[in-house]
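Heads up, the chain below is alone and in the form predicted alone; it's given as structure tokens.
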Amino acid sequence: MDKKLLGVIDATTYQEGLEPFVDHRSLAALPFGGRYRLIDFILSNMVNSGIRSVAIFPKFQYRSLMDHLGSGKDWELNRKRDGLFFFPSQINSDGIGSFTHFAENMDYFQRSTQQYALIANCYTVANIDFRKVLEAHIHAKCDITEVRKDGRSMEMYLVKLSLLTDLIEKRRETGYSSMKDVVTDLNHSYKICHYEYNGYVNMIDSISSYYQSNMSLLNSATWKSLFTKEHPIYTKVKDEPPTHYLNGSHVLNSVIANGCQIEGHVENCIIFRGVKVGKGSVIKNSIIMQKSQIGENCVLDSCIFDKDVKVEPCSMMRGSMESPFVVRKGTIQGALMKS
């Protein structure tokens, strides 16, 4: 069973609704949950399902993605046979599971020894055992199995590798440019099956979904369903000291990563590595990414800060749960934001 599945991650998607965060990085590399990147979830799901060969097809701003994944060591994909592969997209490739993009790297599929391929997007937060999908696919003798949640496509498809290569090679004749085109065509002759996944799922395609999905991790039930001992979510290991909680600090119901320095009040927040929160500052319902610095006596509520944001003392910024206040990477916030 372990050697039957080939993993294919389509990282070419650009979500305009996440523009402040994806104009300088791939969507797959978007930080999530205090210490992860979005791609960690689908990649860990694949590894936990026994997949030992994974091809990643990036397109936009993929330097940070490649830096994060490296050789694949943290996912045990740095191996002599199979392992982790990067195939950057040409400028004319488009669509989820773009057959044009795959065709540019056809030799990878032709050399693969696996019988089946799992094609997935890079922005779904979930913990799925794809071995169960494969078992259902084989048992029902399906041509293509689409993974769904509550009847909605998760844009993950399991297909026999020989059929996938045939679809790629005949894309100009059929007009199919992606697996989604095949599944949604009412005139095809393939047996399409649907696998209903019942666990936690969140597809990150907007600022609102990004914010709500992060905040949902503060619910212990959600956390336990997503992060399990049996199927852990792997990420790049960074050696950093524990977070330092100074006198006067107060933390409630928050996720705090390593290397932080907390001297203020933090409540219902996701705090990434190396963040500093100054004395007297109050931060609630917010997401603060890596190495941001919050000065003293600041008030922040319902905010999302990208990496390396600096907030001057006595600043005040407020958003809402429906429309969080967003600050771009490397921005210095000060007097103009005070109220």
Partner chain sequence: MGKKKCVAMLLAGGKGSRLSSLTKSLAKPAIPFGGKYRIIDFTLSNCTNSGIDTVGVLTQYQPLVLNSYIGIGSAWDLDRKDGGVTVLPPYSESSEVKWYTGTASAIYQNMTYLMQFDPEYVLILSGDHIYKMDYSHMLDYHIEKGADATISVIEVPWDEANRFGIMNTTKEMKVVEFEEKPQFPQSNLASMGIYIFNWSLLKEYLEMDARNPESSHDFGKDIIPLLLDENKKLFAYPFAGYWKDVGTVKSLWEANMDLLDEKNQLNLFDYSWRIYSVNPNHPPQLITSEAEVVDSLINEGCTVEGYVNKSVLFQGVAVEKGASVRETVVMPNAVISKDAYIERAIVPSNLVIPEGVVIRPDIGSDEIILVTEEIIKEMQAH
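Please read these numbers as outputs of a predicted model, since none were measured by experiment. Positions refer to the first chain, counted from 1.
Not on display, but discussed next: the form predicted together with its partner chain.
Peer 1: Exactly one of S213, S249, S153, N127 has a non-hydrogen atom within 4.5 Å of its partner chain in the model of the complex; which residue is it?
Peer 2: It is S249.
Peer 1: So which of V182, I204, V133, I256 reaches within 4.5 angstroms of its partner chain in the model of the complex, heavy atom to heavy atom?
Peer 2: Exactly one listed residue reaches within 4.5 Å, namely I256.
Peer 1: Heavy atoms within 4.5 Å of its partner chain in the model of the complex: which stretch in 174-182, 81-89, 110-118, 232-240 meets that?
Peer 2: That would be stretch 232-240.
Peer 1: Within 4.5 Å of its partner chain in the model of the complex, do we find a heavy atom from each of F227, C260 and R273?
Peer 2: Every listed residue reaches its partner chain in the model of the complex, so yes.
Peer 1: Spell out, yes or no, whether the shortest heavy atom distance between K284 and its partner chain in the model of the complex is within 4.5 Å.
Peer 2: K284: no, not in contact with its partner chain in the model of the complex.
Peer 1: Using a 4.5 angstroms cut-off on non-hydrogen atoms, would Y245 count as touching its partner chain in the model of the complex?
Peer 2: Judged by the heavy-atom cut-off of 4.5 Å, Y245 is in contact with its partner chain in the model of the complex.
Peer 1: Mark K73 yes when one of its heavy atoms lies within 4.5 Å of a heavy atom of its partner chain in the model of the complex, and no otherwise.
Peer 2: Because a heavy atom of K73 falls inside 4.5 Å of its partner chain in the model of the complex, the answer is yes.
Peer 1: Classify Y197 as contacting or not contacting its partner chain in the model of the complex by the rule of any non-hydrogen atom within 4.5 angstroms, answering yes or no.
Peer 2: No - in the model of the complex, heavy atoms of Y197 and its partner chain never come within 4.5 Å of each other.
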